[in-house]
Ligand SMILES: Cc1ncc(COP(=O)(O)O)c(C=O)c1O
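Only one chain is included here, represented as structure tokens and corresponding to the form predicted on its own.
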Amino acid sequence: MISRTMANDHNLRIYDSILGLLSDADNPTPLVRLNKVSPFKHTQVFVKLEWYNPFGAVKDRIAANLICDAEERGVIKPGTKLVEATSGNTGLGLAMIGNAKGYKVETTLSQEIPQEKRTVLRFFGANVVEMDDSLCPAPGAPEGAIAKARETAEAEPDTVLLDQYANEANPDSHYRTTGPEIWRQTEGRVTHFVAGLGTCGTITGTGRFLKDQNPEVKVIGVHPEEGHDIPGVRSANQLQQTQLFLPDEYNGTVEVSDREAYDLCLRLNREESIIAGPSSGMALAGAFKTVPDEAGTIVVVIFPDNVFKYASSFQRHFPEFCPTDATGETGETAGPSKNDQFIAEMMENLKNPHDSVRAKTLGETLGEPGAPLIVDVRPADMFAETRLPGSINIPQSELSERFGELPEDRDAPIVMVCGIGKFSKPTTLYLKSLGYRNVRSLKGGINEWVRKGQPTE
């Protein structure tokens, strides 16, 4: 019979509670060598499979350390409500550790986050507040997920924001665990460390540890292109919004496109039988672009989580995998229809410079003769809080009833605005269907407008 008081035993894999599975140098996540997709002849590529953490992602490490640090400082105690902006995985880790330790958890996140993650967060017991925000929460943005989390923490008693975007307990978790694991697993022979850039806790904390052991270790960060569709990571512009992005501590950064990331993700699953998600494909693509092919080179790449959280993302990038019915049409529950794909492609096409306008370009026209009419399609309460100077408010849900408020002249210049550009694009298409020939969407929405330092009312 197994003793009720038996301590955690990593050799026998017996634990007093699920929290005993949290990773450290004595209980590391696996390191697996790639054998088929690597283009290198001499360099050895190892990938660290972070979905072996107890709640399925690299973010379990920081969720545990954020809570432990707050407990040690006396900031929280069982019964405290934790609120955190997230792109999914940190919220999942906080929710489950909160269940084990007696904390309530509320997560604010973008509606762009895959439905799978939003559903599981609720299943785990988190109170999920969905926002009109960018795929990765943007600090300082109006009505954004981070701003909402801060507002909640300030307004509600016994509520604490742990703030993964600024809290040093984030990189400290990787200095304490991920770095020592890699050093021990490679017997100190690692020469390159590569990680995707999100909050930047992983690359900053792990990189610091590895460089403390050997200053010659190269630390490389990988980020997606602007307007990307890879949850959990940040583009070059978005990286300026996390306090843990410290490029002077890295040996370089590299950009990877959505297509490169998703194609390599597919190859990993089919050729290596590694169930990696899209951010893993992105990080690996960045390693292939930057690491030299030389004898003695050993690169370790972080694979943050597995493939199962991203079925809806794969439906967009690989529509050929969506089952079809006997007529050849995509089934209602299997994925987007051909019509939906056609509309999605039209909205994607609106990113071109003829149908969209950048914040700086629009800002230069404000108050000038012939300046465009700015139509904000957000709900009235959001418009009342923050808006572009001189803009008018016609919520998207009311546009068909109030199009009479638009200029009679179908050649009049009009710019449609929303929070992040998600809703301004379909309303731009709608106005074009009404015959307006000079209507554009504000690229990045009011979030990007504020980030660029443009004036608001």
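One rule holds for the numbers: they count along the sequence shown, beginning at 1. All figures in this text were calculated on a predicted structure; none of them were measured in a lab.
The next section is about a form of this same protein that is not shown, the form predicted together with this ligand.
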Residue-level question: is Ser110 within 4.5 Å of this ligand in the predicted bound form, judged on heavy atoms? no
Considering non-hydrogen atoms and a 4.5 Å limit, does this ligand approach Pro231 in the predicted bound form? yes
Would you classify Leu197 as touching this ligand in the predicted bound form, given a 4.5 Å non-hydrogen atom cut-off? yes
Wondering, does Tyr310 line up within 4.5 Å of this ligand in the predicted bound form on heavy atoms? yes
Partner contact check in the predicted bound form: of 291-299, 83-91, 375-383, 262-270, the stretch with a heavy atom within 4.5 Å of this ligand is 83-91
Under a 4.5 angstroms heavy atom criterion, identify the one residue in Pro304, Gly98, Gly179, Gly286 near this ligand in the predicted bound form. Pro304
